[in-house]
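Presented below, as structure tokens, is a lone chain in the form predicted on its own.
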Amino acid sequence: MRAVLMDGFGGLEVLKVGETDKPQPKEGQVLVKVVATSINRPDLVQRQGNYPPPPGDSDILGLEVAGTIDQLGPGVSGWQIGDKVISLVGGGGYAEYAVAYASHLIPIPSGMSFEQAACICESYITAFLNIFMIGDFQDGQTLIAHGGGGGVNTAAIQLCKALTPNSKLIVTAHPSKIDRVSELGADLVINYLESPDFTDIVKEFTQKKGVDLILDHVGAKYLAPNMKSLAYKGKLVVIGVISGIKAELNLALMMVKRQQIIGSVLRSRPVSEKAEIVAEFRKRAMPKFADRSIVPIIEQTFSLDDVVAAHRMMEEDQHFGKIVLKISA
């Protein structure tokens, strides 16, 4: 089968399209004929050699797939060959075929394209897990989501507007993306170049109360303003550390305000735990995709042979929403 292979680790130059063996499904797995996948920032980190796949998963890049079931592995029931599905995968998405656990499959809603479907699993499930399952975000509460315009951020805005329509959303964004973030539904967009310390802006917007939840992929640089912006009993969920891994923390303030800092990753969770997350997402969020309350936002679709251009767009932060990689017709 054709797949994106890597000649070692490093920059864009290590990516190449070549031939490799088709994987075979094991117990509880299916083989998916991949029509489309998407580019996610962890793919870039893995390409650089800093994010290995979980043991037993493919070392081919790609954390999600959209396609049709080509083969059922031992012990799989409830699915048929030809079913249109999406799934999280531990690796292997940038290929014509990928294995996925049957317990991680979600049927593609009627009328949704494979390209749109390829946007759902990594970004929307990540946002759903950390905002609603871990963060226990409730209607009427206030959220800060950093990184306006990225896949997880746009997913967070859309999910909050669909599932908690009375919530308030504060988003930090690059000035080039502020208008589009506002149009998507953010109640307040902060230019992070002008206001790297957003504490006073948040305090004014919330009438000194602070926010209930912060979804952060920035890490060290934002720890202090994040904690100052949290309300009493507020939660900071850290899903990335692009600005660094070490920062000072005022423990006294955290104790007095009974705040929580929670670290979270999705890829390395056990298969059974991912299945529980997928089941909850399928029950609560997928109806919003089926009725078109949520429509995935695609910046651009690239062919498999143009994977370098797709990675370059992600590296240069030129996108709004998702970057899709079309694998086959």
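Throughout, we count residues from 1 along the sequence that is shown. Since the model is a prediction, treat every value here as computed from it, not as a measurement.
Just so you know, the form predicted in complex with a small molecule exists too; it's not on screen, but the next bit is about it.
Heavy atoms, 4.5 Å, the small molecule in the predicted complex: which of 93-101, 249-257, 168-176, 69-77 makes the cut? Say which one. Result of the contact check: 168-176.
Does the 4.5 Å heavy atom contact test between L223 and the small molecule in the predicted complex come out positive? No - in the predicted complex, heavy atoms of L223 and the small molecule never come within 4.5 Å of each other.
Looking at the partner-bound form in the predicted complex, is N153 within 4.5 Å of the small molecule by any heavy atom? Yes.
With a 4.5 Å heavy atom cut-off, would you call V307 a contact of the small molecule in the predicted complex? Contact with the small molecule, no.
Consider S264 of the chain shown here, and say whether it contacts the small molecule in the predicted complex, taking contact as heavy atoms within 4.5 Å. Yes - in the predicted complex, heavy atoms of S264 and the small molecule come within 4.5 Å of each other.
Do all of T126, G149 and V218 end up near the small molecule in the predicted complex, with near meaning a heavy atom within 4.5 Å? All three within 4.5 Å in the predicted complex.
Which one of F205, Y192, F137, F114 is close to the small molecule in the predicted complex, taking close to mean a heavy atom within 4.5 Å? The residue from F205, Y192, F137, F114 that makes the contact is Y192.
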